[in-house]
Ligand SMILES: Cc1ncc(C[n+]2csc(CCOP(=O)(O)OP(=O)(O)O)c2C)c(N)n1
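Only one chain comes next, encoded as structure tokens, the form predicted alone.
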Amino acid sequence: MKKINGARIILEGLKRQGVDTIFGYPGGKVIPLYNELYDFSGINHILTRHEQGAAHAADGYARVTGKVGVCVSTSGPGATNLVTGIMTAYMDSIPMVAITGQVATYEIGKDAFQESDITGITMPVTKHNYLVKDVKDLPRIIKEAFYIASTGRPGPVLIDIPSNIQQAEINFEEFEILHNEPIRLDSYNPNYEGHPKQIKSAIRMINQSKRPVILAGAGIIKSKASKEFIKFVERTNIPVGVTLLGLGSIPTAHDLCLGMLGMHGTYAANYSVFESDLVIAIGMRFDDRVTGNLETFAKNAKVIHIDIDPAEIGKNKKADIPIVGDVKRVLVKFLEKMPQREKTEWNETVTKWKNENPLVYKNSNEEIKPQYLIEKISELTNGEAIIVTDVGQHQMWTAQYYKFKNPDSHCTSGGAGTMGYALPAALGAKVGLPNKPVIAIVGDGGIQMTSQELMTLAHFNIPVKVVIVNNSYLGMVRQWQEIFYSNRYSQVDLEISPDFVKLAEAYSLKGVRIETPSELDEKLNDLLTSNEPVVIDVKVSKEENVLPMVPAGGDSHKMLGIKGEL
């Protein structure tokens, strides 16, 4: 009778979930899995150079494709190396399944070689996790993991599989029976439909409002609701402030888009919230980088809060009308009842704020301003590229100066703020959408955290363009030390760093350094449109600040540097 082992069940389960690509790194406790992978057809494996890279690559893949990203590691340190990537995905609600090897079931709890309690470690940063103790549970668990990861509010699920479970066998017929059993998760019932009475009340509140503003978050993008969202915006003519992860939900250039909200948001976005009498929060969670001081944030406004996760409603900001549901389905219901709302004096006021207080910086012919670099990338790609940023100043300049046109075109670690994210996430994004240009924008600090993934780009010839915004500092920390700690620059100087061109060449990649604005104008287009992976080391102004800025915990309408200078 035909048999199938646990390792093969994993691969069959993945394939039947529609998985065609996984990111991973082998080790002792997943050798049975990799042995089956050796001649298994239908699943492409990308060998990253570190388990953290595998997790971020699965994250980037998931963000641009909307599919569940899959990463694999061995037990112990291999599994714990995934944790930063899992936490990053958890904070930003990214669908991911992480598969870890574990010591044999009879060794668990005995401090065996490379044993770690990865389900315990990841409990706070996963939507759910499993330790598999019976091979007959594997078909069900794999199906459940994908269902949980991708439904409701998405998030990562971890499956920890002991080595002897991977080797254990069952009859193939029994596997088919187990696989075909329906999913039963009685305590897990995401609510997708907004309550009709709440929607009706919300429409009434919108129609009564004199100074409404919309806060657009990542939930719009995750529910594939951008089309409905733009219709809603144009039906109501309400100005829109966008969160960092909501960028792309509406084109930056749309006349009702005010740009990003929050700590480094635009004057018009932040001031509109402060002066508003109604906030319509859609797929966002009022995180501290958006609100600053919650006591003064939209203090005179009623709040309509639409979100798939009931735990987010009222967590940070009290909602007058909570609507729990999938953003797309809720907006469809709004559009069925929402009358056309004409522009009002409020629109004129907000537009005046927008026109009189645009994002500004002082450009230079002598040195490359980082804002100019981002503007050039935006111009040369016509806002159509997939942009993957790391964390720090360049992340905020990109959010401010890149003119996003499409949803699913911006990947960044918003909640966790994970340095080292961009390079591996970009390679995952490029694998997911090979026909789209993918640009990783990183700092000279962040690139050094996961630079080994340059080898992955070379190994698989993944033509990501890596743009290093090199100011020889841990720039955001330096900026805070300048503004809030009297220029006491403590441990932020990165003048002693690798030669990034030689580093690229060491990984068999093309490396180019750009040091002047004229060089940038001359070279950047050809580099961005080449068909090979390229590392572009751009030397920018060393002490440029991201402005405007709201101090942490400050009043969001009291911004520093509105005119581009402190």
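For every residue, the number given is its place in the sequence shown, counted from 1. If you're wondering where the values come from, they're calculated on a predicted model, not measured in any experiment.
Only in words, not in the display: the form predicted in complex with the ligand, which the text now covers.
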>> Even though the partner isn't displayed, in the model of the complex is residue 381 close enough to the ligand, meaning a heavy atom within 4.5 Å?
In response: no
> Is the gap between residue 449 and the ligand in the model of the complex 4.5 Å or less for some heavy atom pair?
Replying inline: yes
>> Check residue 92 for me: does it contact the ligand in the model of the complex (non-hydrogen atoms, 4.5 angstroms)?
In response: no
> Is residue 417 close enough to touch the ligand in the model of the complex, meaning at least one heavy atom pair within 4.5 Å?
Replying inline: yes
>> Under a 4.5 angstroms heavy atom criterion, identify the one residue in 445, 241, 101, 217 near the ligand in the model of the complex.
In response: 445
> Which listed residue (226, 393, 129, 75) meets the criterion of a heavy atom within 4.5 Å of the ligand in the model of the complex?
Replying inline: 393
> Of 474-482, 263-271, 232-240, 332-340, which is the one stretch near the ligand in the model of the complex, taking non-hydrogen atoms within 4.5 angstroms as near?
Replying inline: 474-482
